[in-house]
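One chain comes next, on its own, written out as structure tokens in the form predicted on its own.
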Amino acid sequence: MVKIQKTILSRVEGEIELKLIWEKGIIKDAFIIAPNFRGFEFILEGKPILDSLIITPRVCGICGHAHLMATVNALENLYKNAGYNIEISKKANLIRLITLSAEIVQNHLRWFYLFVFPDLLKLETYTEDLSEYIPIKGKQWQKAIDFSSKIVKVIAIFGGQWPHTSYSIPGGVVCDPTTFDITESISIVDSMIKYYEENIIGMKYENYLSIEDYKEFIEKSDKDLSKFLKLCFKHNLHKIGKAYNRFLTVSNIYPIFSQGATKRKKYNFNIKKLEEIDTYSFLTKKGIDFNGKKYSWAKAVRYEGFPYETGPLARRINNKDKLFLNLLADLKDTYIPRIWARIDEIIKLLLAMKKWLQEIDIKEPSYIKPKKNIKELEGIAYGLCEAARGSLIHKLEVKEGKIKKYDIITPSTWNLGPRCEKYLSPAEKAIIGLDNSLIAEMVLRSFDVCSVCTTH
């Protein structure tokens, strides 16, 4: 007998509904439903071009800075496509990288302790050893909140506020940091690195970065990441959550992120091979449609016709990190590598942030005014960015000084969007075949669910 189970997933950004189709105790089909329509793309239509710098950071309360950067990239590419050179100082570029990285770090840290660990506790009998991870009361839970709040102060130092800052504009940034600002930021990053070493990996970062497989790490560490991995193996979570083994990253941040699409081999990313499909979406090219088979406000995204996973695991694979190539060989594209990739990214971003902060020359200009008024530009441009949850794409069409059309493809749309005629989304595929609804929710959370980004 077929059984249908619907769950509103908590502990995510916004709300996501998970609909499971059970048969003989096994999940035979899964639907990830984004139930709320927000309409940012429609709000932007007809607005003055620079209004996008204020509006798009409001798409998400967690990764709003990434949306700002995607918009700025699109506006600067609008200049380039029209034949006008945009000059950006090294100082402005460094500040943009630093603030974007700070946002990603805060997301990964909160997600691991607030969203992932509480599920593991449900599989265990509470013991004194694990009580430090109990939400609200646990010592490690509280530390994660403290340090994830600390790193966003770096964004506030340069961007004036977080979330929803709009400090980056075509031509640079509008802040003019002092030596004290940079010193304070380095101090925050240093404290984060120390926290990461003492609490998450249990060793100096130099030693961690030489680790090449999970057995070596578990043997050498007894801190939070190691405890997480041991619990996963204890409950056979190393066998769950396999998706398509296809990975996409749309932009570069040297030496951490490398643009590319990996399907057995790595290929260059080509934006022309990307397609949005509305077969199962309420939102279509012809308007809103509630016919029977449609089930989500999100659209499916395909690259060369195939679903691709985006996010930290994709970034680690496309960057050819030895540890994650080995994890992929041993454990496939499953629950553990997907979560570990997010934790791994924290230290790599912190080390890069410290280097970038030390390279800032405060004598350089923060902003170089473009030589052409943006109101006089017309055309189409893309803005690409790596956000906390993965690859983010903004597409802008401008005519007569106003936004004619704005299209946003978020990381959550790649991973959690609906199916198309041929393929399930990566997250839907990863859930099918499981025999436990809690485990199904854990697999879904391993993609770092954000419904507000999914439907934007």
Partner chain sequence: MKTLLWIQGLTCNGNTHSLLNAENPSFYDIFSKIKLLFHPAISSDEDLIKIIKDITQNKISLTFLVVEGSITKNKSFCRVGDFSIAEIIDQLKDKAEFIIAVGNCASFGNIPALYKENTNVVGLQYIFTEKKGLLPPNFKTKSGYPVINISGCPIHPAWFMQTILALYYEKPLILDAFNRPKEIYMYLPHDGCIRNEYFEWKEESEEFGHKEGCLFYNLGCKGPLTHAPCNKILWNRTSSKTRAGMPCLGCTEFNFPLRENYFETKKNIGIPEEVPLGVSKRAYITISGVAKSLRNERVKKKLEETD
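For clarity, every value in this text was computed on a predicted model and none was experimentally measured. Numbering follows the first chain given and starts at 1.
Keep in mind that the form predicted together with the partner chain is missing from the display, and what follows is about it.
Task: Interface segment, criterion being heavy atoms within 4.5 Å of the partner chain in the predicted complex, picked from 422 to 430, 390 to 398, 406 to 414, 51 to 59 - done: In the other structure, the partner sits against 51 to 59.
Open item on the list: Even though the partner isn't displayed, in the predicted complex is Tyr367 close enough to the partner chain, meaning a heavy atom within 4.5 Å?
Closed with: Contact with the partner chain, yes.
TODO: Classify Lys28 as contacting or not contacting the partner chain in the predicted complex by the rule of any non-hydrogen atom within 4.5 angstroms, answering yes or no.
DONE: Because no heavy atom of Lys28 falls inside 4.5 Å of the partner chain in the predicted complex, the answer is no.
Open item on the list: Contact with the partner chain in the predicted complex for Tyr196, defined as at least one heavy atom pair within 4.5 Å: yes or no?
Closed with: Result no; Tyr196 lies far from the partner chain in the predicted complex.
Open item on the list: So, Gly202 and the partner chain: in the predicted complex, are they within 4.5 Å at any heavy atom pair?
Closed with: Judged by the heavy-atom cut-off of 4.5 Å, Gly202 is well away from the partner chain in the predicted complex.
Open item on the list: Whether Phe247, Asp278 and Gly383 jointly form a contact site for the partner chain in the predicted complex is the question; each needs a heavy atom within 4.5 Å.
Closed with: No, none of Phe247, Asp278 and Gly383 comes within 4.5 Å of the partner chain in the predicted complex.
Open item on the list: Can you pick out, from Lys266, Lys153, Lys332, Lys90, the residue that has a heavy atom within 4.5 Å of the partner chain in the predicted complex?
Closed with: In short, Lys153.
TODO: Only one of Gln358, Gln161, Asn270, Asn236 comes within 4.5 Å of the partner chain in the predicted complex by heavy atoms, so just point that one out.
DONE: For this set of options, the contacting one is Gln161.
TODO: Taking only heavy atoms into account, state which residues of 101 to 120 are within 4.5 Å of the partner chain in the predicted complex, ordered by sequence.
DONE: Counting only heavy atoms within 4.5 Å of the partner chain in the predicted complex, the contacting residues of 101 to 120 are Gln106, Arg110, Leu114, Phe115, Pro118.
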